[in-house]
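A single chain comes next, written as structure tokens; it is the form predicted alone.
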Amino acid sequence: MSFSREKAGPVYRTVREVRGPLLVVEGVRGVSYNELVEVKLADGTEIIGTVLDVYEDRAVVQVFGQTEGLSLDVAVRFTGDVMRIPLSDDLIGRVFNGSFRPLDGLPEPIGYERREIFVSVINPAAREPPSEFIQTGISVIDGMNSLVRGQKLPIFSEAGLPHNVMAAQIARQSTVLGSEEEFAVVLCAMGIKHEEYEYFRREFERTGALDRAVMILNLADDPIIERIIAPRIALTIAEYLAFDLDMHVLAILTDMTGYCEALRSISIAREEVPARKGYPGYMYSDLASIYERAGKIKGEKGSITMMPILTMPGGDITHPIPDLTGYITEGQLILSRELYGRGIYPPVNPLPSLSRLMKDGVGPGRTREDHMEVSNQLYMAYAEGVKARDLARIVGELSLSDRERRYLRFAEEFERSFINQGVYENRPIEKTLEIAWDLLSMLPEDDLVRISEENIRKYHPKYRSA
């Protein structure tokens, strides 16, 4: 077992109720929230858990691992300690399950120290504003919705869309331009299928991405309760790599919908009054306790950048999970089923997508002085093209004006050559901007109203070839 059990406490045989993974223990004294608990089953098997709630002389304990054999006839020992994991740089390159047990055939980790996984978020007063550009090698992200070091930028997807393929590509390709600090990836997957598990393992090992990554993988048939601790284990590791070893860390959490479903299951077992769509009323603060662990801290070289991935139930962006996530994070990348149906990968629709911190991470000294202007012009032109396409579906393309047909062609070429790229195609930001300028050259120069005259003369293909 990887969790520490440094202190011993009294043993209770006063379990009065079993609700799935929850035990209600009566007659307890001196028990604290999140305290580590050992549960001994009738057959001698030991499992661990934590204190979820304490009221009067009762404690609600959530157990981790398989719940077969749980009954009123179990012994419960409160250790007086909290859940901790061992930390060291040897964790890089390792693969664990949602309970921090090795999945790679190697021994359990022995760390330089053990740290609690349920910790507070970064103090807002200690935060440093994000400012450095992270290159993902994906044009629609780098060019129009740039990721900034220390940012929280979620991906809103739907079932059946290639969000996990995107996650693996981002993990392989991401780098901080012009930075000397080491870059690491912490991937936490919650409730994934066996084929998704095999895909992540195979991709990370085959491409060498595992050499700079730590993977926490919770399968769909693993205990649902593990999905509650898996992201906290991942972020505890990320914090150690970032703020103790001075690394830039990209934390990818997929799928946060699986996490929220686990949260709802526990809430139902606790017989709590449900809020929207049956989710607990504290889901906002619970999600914030995860998301707000990302960022930059004043005086620290390292940082944690987070990309949570969630599948919107029924594609509904107003569903509580994407809705609350949008309030806490700094933008969103929205995947489009329509683009995916037309063979576009990655199917990111740039029009409803947004990176609120992009302006702080691009421009002179970070990417290029024309970056923000080019992004704004692409948005404007693509929106015109999409509007022309919608009109053509009603009146026919022949009924469009010359301007509308021009922007329709721009939209089609934009999707084909800018949004669309290979799964293993890693585009530097210079290549992304070069493709953007080639596309903008399809439009009359007078239409480039979002770009300064100086940048047009410096980067427009017409003047480059002159």
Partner chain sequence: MSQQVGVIKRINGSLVVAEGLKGAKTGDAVYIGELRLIGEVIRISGNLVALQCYEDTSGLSPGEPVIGSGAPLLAELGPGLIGEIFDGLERSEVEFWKLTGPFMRRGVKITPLRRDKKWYFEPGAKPGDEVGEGDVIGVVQESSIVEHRILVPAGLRGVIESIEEGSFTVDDTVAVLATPDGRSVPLKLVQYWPVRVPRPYRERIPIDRPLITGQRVIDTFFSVAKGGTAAIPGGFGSGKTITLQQIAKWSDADIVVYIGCGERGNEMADILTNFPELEDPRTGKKLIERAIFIANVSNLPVAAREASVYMGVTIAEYFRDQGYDVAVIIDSTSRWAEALRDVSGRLEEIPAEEGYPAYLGERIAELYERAGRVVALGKDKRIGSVTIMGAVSPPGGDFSEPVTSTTMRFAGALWALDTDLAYRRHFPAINWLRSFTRYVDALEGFWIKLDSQWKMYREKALAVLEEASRLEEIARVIGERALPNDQRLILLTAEIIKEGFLVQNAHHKVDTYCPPEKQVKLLKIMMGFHDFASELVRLGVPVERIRSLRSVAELLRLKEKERLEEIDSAYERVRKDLEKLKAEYQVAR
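Positions refer to the first chain, counted from 1. By rigid core we mean the largest C-alpha set that fits within 1.5 Å across both forms. All values derive from a computational prediction rather than experimental measurement.
The form predicted together with the partner chain exists for this protein as well; it is not shown, and the discussion that follows is about that form.
A.B. asks: Which of 210-218, 150-158, 363-371, 93-101 has heavy atoms within 4.5 Å of the partner chain in the model of the complex?
C.D. replies: Single hit among the candidates: 150-158.
A.B. asks: May I ask you to choose, among Pro347, Gly258, Gly143, Pro130, the residue with a heavy atom within 4.5 Å of the partner chain in the model of the complex?
C.D. replies: Exactly one residue meets the criterion: Pro130.
A.B. asks: Considering the partner chain in the model of the complex, which of Ile110, Leu106, Val119, Leu72 comes within 4.5 Å of it through any heavy atom?
C.D. replies: Checking each option against the partner chain in the model of the complex, the one that comes within 4.5 Å is Val119.
A.B. asks: Within 4.5 Å of the partner chain in the model of the complex, do we find a heavy atom from each of Glu17, Arg77 and Ser417?
C.D. replies: Heavy-atom distance to the partner chain in the model of the complex: none of the three under 4.5 Å.
A.B. asks: Residue-level question: is Ile48 within 4.5 Å of the partner chain in the model of the complex, judged on heavy atoms?
C.D. replies: Looking in the model of the complex, residue contacts with the partner chain do not include Ile48, since no heavy atom lies within 4.5 Å.
A.B. asks: With heavy atoms only and a cut-off of 4.5 Å, decide whether Glu292 touches the partner chain in the model of the complex.
C.D. replies: Yes, Glu292 sits close enough to the partner chain in the model of the complex that at least one of its heavy atoms falls within 4.5 Å.
A.B. asks: Although the partner chain is absent from this view, report whether Thr329 comes within 4.5 Å of it in the model of the complex, heavy atoms only.
C.D. replies: Yes, Thr329 is a contact residue.
A.B. asks: Could you confirm whether Gly27 comes within 4.5 Å of the partner chain in the model of the complex, counting heavy atoms only?
C.D. replies: No.
A.B. asks: Relative to the partner chain in the model of the complex, which residues of 373-402 have a heavy atom no more than 4.5 Å away?
C.D. replies: Asn376, Tyr379, Met380, Ala383, Leu391, Ile394, Val395, Leu398, Ser399, Leu400, Ser401 sit within 4.5 Å of the partner.
A.B. asks: With a threshold of 2 Å on the C-alpha, tell me if Ala411 counts as moved between the shown form and the other one once the core is superposed.
C.D. replies: For Ala411, whose C-alpha is compared between the shown form and the other one after core superposition, the shift is less than 2 Å.
A.B. asks: Would you say Thr50 moves its Cα by 2 Å or more between the shown form and the other one, aligning on the core?
C.D. replies: Yes.
A.B. asks: After the core is overlaid between the shown form and the other one, has the C-alpha of Asp286 moved by 2 angstroms or more?
C.D. replies: No, the C-alpha moves less than 2 Å.
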